[in-house]
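Next up is one chain by itself, shown in structure tokens, the form predicted on its own.
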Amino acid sequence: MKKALLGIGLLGSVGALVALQATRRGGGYYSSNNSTRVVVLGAGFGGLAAARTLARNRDGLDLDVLLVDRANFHLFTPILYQVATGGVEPDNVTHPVRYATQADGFRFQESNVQKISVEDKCVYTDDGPIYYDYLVVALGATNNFFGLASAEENSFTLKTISDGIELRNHIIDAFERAEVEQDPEVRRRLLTFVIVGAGPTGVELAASLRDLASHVLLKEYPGIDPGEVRVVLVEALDRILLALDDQLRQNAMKTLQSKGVEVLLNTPVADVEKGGVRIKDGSFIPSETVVWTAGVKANPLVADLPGEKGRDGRVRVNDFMQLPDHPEIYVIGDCAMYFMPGEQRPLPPNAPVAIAGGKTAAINIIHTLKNEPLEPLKYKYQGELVSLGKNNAVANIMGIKFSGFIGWLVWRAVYLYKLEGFKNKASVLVDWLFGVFDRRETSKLPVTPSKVPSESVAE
């Protein structure tokens, strides 16, 4: 109880700070018929950073900044898994892009990008062509099934807000069905939840799902025995959370195991069937719920761009985030393959790298228009944050390590600060405060189909 009260007090203090941080910056859109048009594709972390930086630094330039995305909101993906496990409400992790257009002074168009023509300097969308003078590609990533068609067909994913709602509904429905099911084999499949991939998303989802079952659902479904519920985290490699050091990784592993998450290492998946997961050694895990979090690859539209590509589809860019042979095109975030000087591996496709790339691209477009020298990407590793469920997390912030309850407070404070919009910050804070007392939303929500496929999300 002391921890809970301390958490409430500290989170309340963070809430007061983010309220001050959330005050809007004045803006206002302006351009002329002779404006230089910069088109930014994708309203994720990188695209939004690029559009804002362009709009805020265009003094003295006749610049038309147009942000294009298939959805009219920015999705805060780091806590999307909490939508799936009832920890936060879906509306609280989405922020209308047009709020930013009002505040910062750029335009927005809700369209689905179909093709990028480098020769025509045109982006073709379902609402018609958009011509550009400069282009920033920040279209994000899609799930990487590594050629396993059965996984793509039979797995849940966690990339869009619809994914989060659909998975939440399915988890609740599994408990509803298991409550009245008499066949023990069917009950076993319904109450076994398999997560493939032990990166940050897989680990956070496994821990949160285990807490949801143990602290909430088993109380609401008294006909289900706690021993019937399994959360299984499957990883092909010999360790979880590759980006963390050994100490934090071991802390995370111990926490997962103490919660009752079954962690299977060195366990590559051979097939995902409708009734479970087939492992390469021939064993089978019966399950009605398989969630694929094993990796991402660049948006397929990146294939339209010329240049060297990585195995994950990312295209190589120079120090200024440009395509080497097309300096008018900048590529950032999950679509860009960039090697820091002296490094053998490209920067990872995550939000901090996307934001840094977006700002660099924007500043260099401004420099080009002013005939000034370009600036190379400046990126410094900021650390890692991984939630491990209630009152627990591991964090590495600029080399300072946290774990346990303190790590949990750090994790929440950082993400609360980074959320878009004061309303979202306040609403998520309230959701988290209720979560301290094991209150989560367990009602099923209707899912409204989008007019476009939900295969990739912008970073």
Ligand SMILES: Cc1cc2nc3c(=O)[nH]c(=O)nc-3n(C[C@H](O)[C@H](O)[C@H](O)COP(=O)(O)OP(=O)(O)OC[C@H]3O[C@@H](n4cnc5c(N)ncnc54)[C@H](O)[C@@H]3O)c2cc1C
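Quick caveat: nothing in here was measured; it's all calculated off a predicted structure. Each residue number is its position in the shown sequence, starting from 1.
A second form of this protein, the form predicted together with the ligand, is not displayed here; the remarks below concern that form.
Within 4.5 Å of the ligand in the predicted complex, a heavy atom is found for none of 84, 167 and 195. Residues with any non-hydrogen atom within 4.5 angstroms of the ligand in the predicted complex fall in just one of 266-274, 67-75, 86-94, 308-316: 67-75.
Contact check for residue 144: no non-hydrogen atom falls within 4.5 Å of the ligand in the predicted complex. The closest heavy atom approach of residue 158 to the ligand in the predicted complex falls within 4.5 Å. Interface membership of residue 357, defined by any non-hydrogen atom within 4.5 Å of the ligand in the predicted complex, is ruled out. Contact between residue 102 and the ligand in the predicted complex is not found at the 4.5 Å heavy atom cutoff. Of the candidates 112, 162, 368, 154, 112 is the one whose heavy atoms come within 4.5 Å of the ligand in the predicted complex; the others do not. Taking a 4.5 Å heavy atom cutoff to the ligand in the predicted complex, the contacting residues in 349-381 are 349, 350, 351, 352, 354.
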